[in-house]
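First, one chain by itself in structure tokens, the form predicted alone.
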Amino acid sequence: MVEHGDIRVVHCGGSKINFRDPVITHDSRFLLCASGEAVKVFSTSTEECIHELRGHTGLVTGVLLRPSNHLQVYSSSLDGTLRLWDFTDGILIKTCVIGYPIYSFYASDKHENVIFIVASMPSDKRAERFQLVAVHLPQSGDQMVEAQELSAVLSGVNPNPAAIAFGRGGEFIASVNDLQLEVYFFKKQKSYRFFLKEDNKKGGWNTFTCVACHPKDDCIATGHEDGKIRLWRNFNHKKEYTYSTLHWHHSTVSSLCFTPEGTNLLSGGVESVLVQWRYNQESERDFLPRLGGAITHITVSPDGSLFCTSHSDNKITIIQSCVKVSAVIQGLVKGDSIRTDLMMDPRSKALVLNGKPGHLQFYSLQRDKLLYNLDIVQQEYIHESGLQQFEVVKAAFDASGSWLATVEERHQKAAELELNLKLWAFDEQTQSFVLNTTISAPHDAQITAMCFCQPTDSQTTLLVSTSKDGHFKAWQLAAPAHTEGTDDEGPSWLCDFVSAYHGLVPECCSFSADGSLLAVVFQEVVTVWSPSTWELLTTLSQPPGAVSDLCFGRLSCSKYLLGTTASNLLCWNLLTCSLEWTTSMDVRRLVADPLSENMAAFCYQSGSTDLFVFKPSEPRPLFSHKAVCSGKVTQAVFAPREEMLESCEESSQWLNRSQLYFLTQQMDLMTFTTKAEEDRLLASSKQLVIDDSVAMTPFYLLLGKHRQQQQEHQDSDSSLWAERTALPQTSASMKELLQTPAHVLPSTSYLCSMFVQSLLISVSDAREEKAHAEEEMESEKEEEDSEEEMESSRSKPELAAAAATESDTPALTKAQARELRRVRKLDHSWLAGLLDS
């Protein structure tokens, strides 16, 4: 058995991008958001992820622009560090070690070199209590520093970032928690607390949920669970405070944000409607409805030109100030439960699973981007609790990706189960799936499993479904019936075979790799059928217990059939129809690699899940990893790699052809990576990449990647610029300039003066060039005079012959004549010596 060694479990593409408030840069060109253990940088115009800022070893809990430098950004993490980045180039500048997990953090212009963090500090009274702490950043040139000066500001705060806000550029700070509003004034070093009753007279809940401060006036806006918004004024006097109430939301207000000028207040909640309130004219409101999932965060760009909303369906919507959607950045949608298995689309290599209600989402793991949503139910989803609607519960692809089968069901309290089986054909023109056949009530009870047969040349496409009604059915693709007077509507699906086994309920089914065998599990009995004749070939015995998962071996292990029970992993030999081996383990998910003989078994034990990778023909596992995650793993899939890895280590050879992905109980998508893969990604992320969308400034022309190409295409005689010496593009000094952190470089004024001087043309250089050109003209004139004297000494017959020859040939240009004279002056004696020898 090989232990995990240098293989570790990591969050892969598809991490949450709605976990914390996103940040829009000052020029409104980029959007930054926390995503797992990284910070993603998106383009607000193209929606593409430009690069990721990686370095944290824990969950990133916040992103914040540095107040003193708009091209740099801070990030905080549960690993207890603050990191400073140059987000345009993706370079880590400095790491500040705090020593405590950071849940949220804040900064203001009036507090230079101070970051306010919310951390969990141990206290005598409670095991854990959140405090707002001021961290004075050390002024050191080292890349790794440790914060020594920490001072507590507020205690008992809410770790939610929406519960704390700075007012008037940092003069005071407002914090809400439960039924209390606390305002702390830095100048007075005094705080005022305001309390509300748990519910009001009309039964509404007054609990605070979020807070925002007006950028210029002494006004604090708070959101509440009952949908109300309160505007607090005169709060610097505890007994004379006042507040006014705004009410449009029917449920909890999740986020509030003022525009930079303070002219508008933005609010959002579960209604998925962005409400824009006019400040001091609250009766005037603008609405932007139907944004998708519930709004969780609202952000405004520093110049006020863009709004940004995060949604519960892992989506970020970029909105223009005219309340018009301009871009949508969609992440992997993770609902409360994934009913379908994790699947790979054979055509696009995309991960396929439940997405929006009634949809399947196709998510590219390579690009970490949603490709598209396929509407399966094709009905409008109504957001109302307790309302039963159609849900996609099963899905399966055929081996070529030409067909997709889906099952949707709906439970009504007073009615029977509604069930639809739909077959979708891939359309080459639209590059998507089109509904081909809908089968209403394909079974009398819930469908437990379904799978496609990989057809050979002589077989037609076959789909098998099993149900709790005790039957399994085979659906076959049939050619259309050609009748006169009707149009050819193409092939459709029909029921070809129905069978049962002693009234037992079939739980799962699986086809062999070549499609010659079908295995169907009827509780404790495994039956093997021939799809060509639908003859029951044999039944396989096993220890007591219902078989919950079934999988055929691949390639050299195709003679094996594996199954799982609540306490055992079983392997049958199909040649001898006997049990080959069994081992005691609680396997929750068994997955086969389609490109090798390897299989992965996820086993639940002592509150966590262990992984075993093995070949059915070998007695010992190839790889094992204890506690890959807490809780249970119910969905997993092997994804074929675009490029095969060349790993020689025994512990990681099973990852060469395919990559294993799995979904945890917390709906986190995880995968396994090797140290070699991480080193390669880290090296590529450190390379300086200048975006093509960077403006054409003189600095871009100096340092841009296109400068060398432009200089190669310039005409050497066209202008004085072409004769200037090119700056050293690959010199050690230039590399050092580009890769050195900004805080250790000389001042910008010093570098700028050097740069401007390099662009100026001095008067002395122009005079020298003019004198040099005049000298060349005089030397050419002298050469022409000497040539004329030599030609006049020729004999007349030679002149006549030369004249006759020149009359037949075209006249030479001055440049050609000059080159001809240069060739004549060359010494060709070496050629005569070579011929004589």
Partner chain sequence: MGEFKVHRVRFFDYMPSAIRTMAFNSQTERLAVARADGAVEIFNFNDNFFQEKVIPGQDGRATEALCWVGHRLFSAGLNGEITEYDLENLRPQYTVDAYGGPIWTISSNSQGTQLAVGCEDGTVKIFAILEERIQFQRNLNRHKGRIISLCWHPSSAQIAAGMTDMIKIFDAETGHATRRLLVDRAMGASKNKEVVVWSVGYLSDHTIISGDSAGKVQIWNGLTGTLVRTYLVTKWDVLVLSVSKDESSVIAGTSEGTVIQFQFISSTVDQHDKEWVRTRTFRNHSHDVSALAHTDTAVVSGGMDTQLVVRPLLDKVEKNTQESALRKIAFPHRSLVGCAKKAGLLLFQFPDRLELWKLGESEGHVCLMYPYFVCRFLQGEDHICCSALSACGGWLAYSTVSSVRLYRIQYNNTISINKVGTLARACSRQPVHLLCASDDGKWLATANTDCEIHIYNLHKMKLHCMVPVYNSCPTTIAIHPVTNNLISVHADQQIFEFSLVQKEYTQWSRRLQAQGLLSLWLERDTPITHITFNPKNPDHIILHDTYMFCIIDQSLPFPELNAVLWNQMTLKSLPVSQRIGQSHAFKICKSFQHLMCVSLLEDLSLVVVERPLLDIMSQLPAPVRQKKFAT
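Numbering follows the first chain given and starts at 1. Note that the structure is predicted; figures quoted are calculated from it, not measured.
One more form of this protein, predicted together with the partner chain, exists but is not displayed; see below.
Worksheet item: Taking 597, 606 and 620 as a possible spot, do all three reach the partner chain in the model of the complex with a heavy atom inside 4.5 Å?
Response: Not a single residue of the candidate spot has a heavy atom within 4.5 Å of the partner chain in the model of the complex.
Practice prompt. Among 216-224, 466-474, 626-634, 70-78, mark the stretch whose residues have heavy atoms within 4.5 Å of the partner chain in the model of the complex.
Written response: Only one stretch passes the 4.5 Å heavy-atom test: 216-224.
Worksheet item: Heavy atom within 4.5 Å of the partner chain in the model of the complex: which of 356, 111, 588, 168?
Response: Among 356, 111, 588, 168, a heavy atom within 4.5 Å of the partner chain in the model of the complex occurs only for 168.
Item to complete: Could you check which residue among 427, 514, 418, 240 gets a heavy atom within 4.5 Å of the partner chain in the model of the complex?
Response: None of the other options qualify; the answer is 240.
Worksheet item: Though only this chain appears here, would residue 410 touch the partner chain in the model of the complex if you measure heavy atom gaps against 4.5 Å?
Response: Result no; residue 410 lies far from the partner chain in the model of the complex.
Worksheet item: Taking 4.5 angstroms as the cut-off for heavy atoms, does residue 234 touch the partner chain in the model of the complex?
Response: The answer is yes: residue 234 has a heavy atom within 4.5 Å of the partner chain.
Worksheet item: Any chance residue 283 has a heavy atom within 4.5 Å of the partner chain in the model of the complex?
Response: Contact with the partner chain, yes.
Worksheet entry | residue 244: touches the partner chain in the model of the complex, heavy atom cutoff 4.5 angstroms | It does: once the partner chain is placed as it appears in the model of the complex, residue 244 has a heavy atom within 4.5 Å of it.
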